[in-house]
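Just one chain is shown here, as structure tokens, and it is the form predicted alone.
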Amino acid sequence: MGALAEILFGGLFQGSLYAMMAVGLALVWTTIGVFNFSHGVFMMLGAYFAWQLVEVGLHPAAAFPLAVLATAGVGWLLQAAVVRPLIGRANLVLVVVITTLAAGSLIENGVLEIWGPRSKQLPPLVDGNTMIGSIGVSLHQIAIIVVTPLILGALWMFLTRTRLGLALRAVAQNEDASQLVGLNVTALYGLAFAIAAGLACLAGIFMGGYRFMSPVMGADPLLKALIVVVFGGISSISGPIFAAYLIGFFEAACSYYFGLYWTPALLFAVLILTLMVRPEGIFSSRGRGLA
């Protein structure tokens, strides 16, 4: 019973972090059709923004939302600077991979110069620890498990119940038709990047509350987010969410029974086998969309 509780809790916790990161990647892909390889840097940058705001005396309840807004603004600026000028090029996907990697490297080194290499940590969402069955867990981790579905649910409501959200879905489904009916496609591209950066910032705040922060803290989460979107399918938002939790449970089970050393190898083996059978992803739908 203790093993099952540990696997379930670990899967929910890891899946929550993976979902927050993967949804942002999927949102940019479904809207613009490119991968943003600076996504992990937004996670790191958001955590550092939050840390700086807390350091100057703001309460976390005020610092964290302000950090999300600031990171969303950086996401919009990056889109305007290194993605928007390239829209329409035949080799758009490859060029955007290079430009976002370069921009991410610049931001990462800028953070290193401004805040230095010393590790930092954010205050947890909720202080304290508790017991679930026979395992001890932090209330911060429980808060992440509870808050993540609420955030993803709010995103779903935004995409399906608001004019801006419906406009984003329209662009994802048919860009030319969206322009014909008068939608500002360029502004919606920026909105998609801003939302994705804000979600990455939240993931960074979550991680910074239980793990030390560093300028390179976004590299591994970016890799896991890429695995999640490929595994779940990049043609929708719901596919990566389901895949994030599935991979979270898989990693938790592998870590418990085989150890941390073998877990990445087993994960990639399952990913390769899955893509050999269903290369579009196990939760993929036809075409691009935000369903």
Partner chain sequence: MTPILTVEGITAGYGRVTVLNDMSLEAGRHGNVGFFGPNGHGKTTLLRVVSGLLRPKAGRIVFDGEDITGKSARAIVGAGLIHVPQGNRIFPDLTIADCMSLGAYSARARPHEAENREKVVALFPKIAERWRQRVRTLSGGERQMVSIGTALMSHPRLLILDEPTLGLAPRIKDELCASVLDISKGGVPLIVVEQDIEFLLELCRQLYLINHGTVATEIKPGESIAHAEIMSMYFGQHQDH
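Numbering follows the first chain given and starts at 1. For clarity, every value in this text was computed on a predicted model and none was experimentally measured.
Form predicted together with its partner chain: not shown, discussed below.
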Original post:
Hey, in the predicted bound form, does A81 get a heavy atom within 4.5 angstroms of its partner chain?
Top reply: no
Original post:
Does the 4.5 Å heavy atom contact test between R163 and its partner chain in the predicted bound form come out positive?
Top reply: yes
**OP:** Give a yes or no for D127: in the predicted bound form, does one of its heavy atoms lie within 4.5 Å of a heavy atom belonging to its partner chain?
**Re:** no
**OP:** Find out whether any non-hydrogen atom of M213 is located within 4.5 angstroms of its partner chain in the predicted bound form, and reply yes or no.
**Re:** no
Original post:
Out of L183, L92, V147, L106, which one falls within 4.5 Å of its partner chain in the predicted bound form, going by heavy atoms?
Top reply: L183
Original post:
Among M131, I114, A177, A154, which has any heavy atom within 4.5 Å of its partner chain in the predicted bound form?
Top reply: A177
Original post:
What stretch, of 164 to 172, 67 to 75, 134 to 142, 202 to 210, brings heavy atoms to within 4.5 Å of its partner chain in the predicted bound form?
Top reply: 164 to 172
**OP:** May I ask you to list the residues of 76 to 101 that have any heavy atom within 4.5 angstroms of its partner chain in the predicted bound form, in sequence order?
**Re:** none
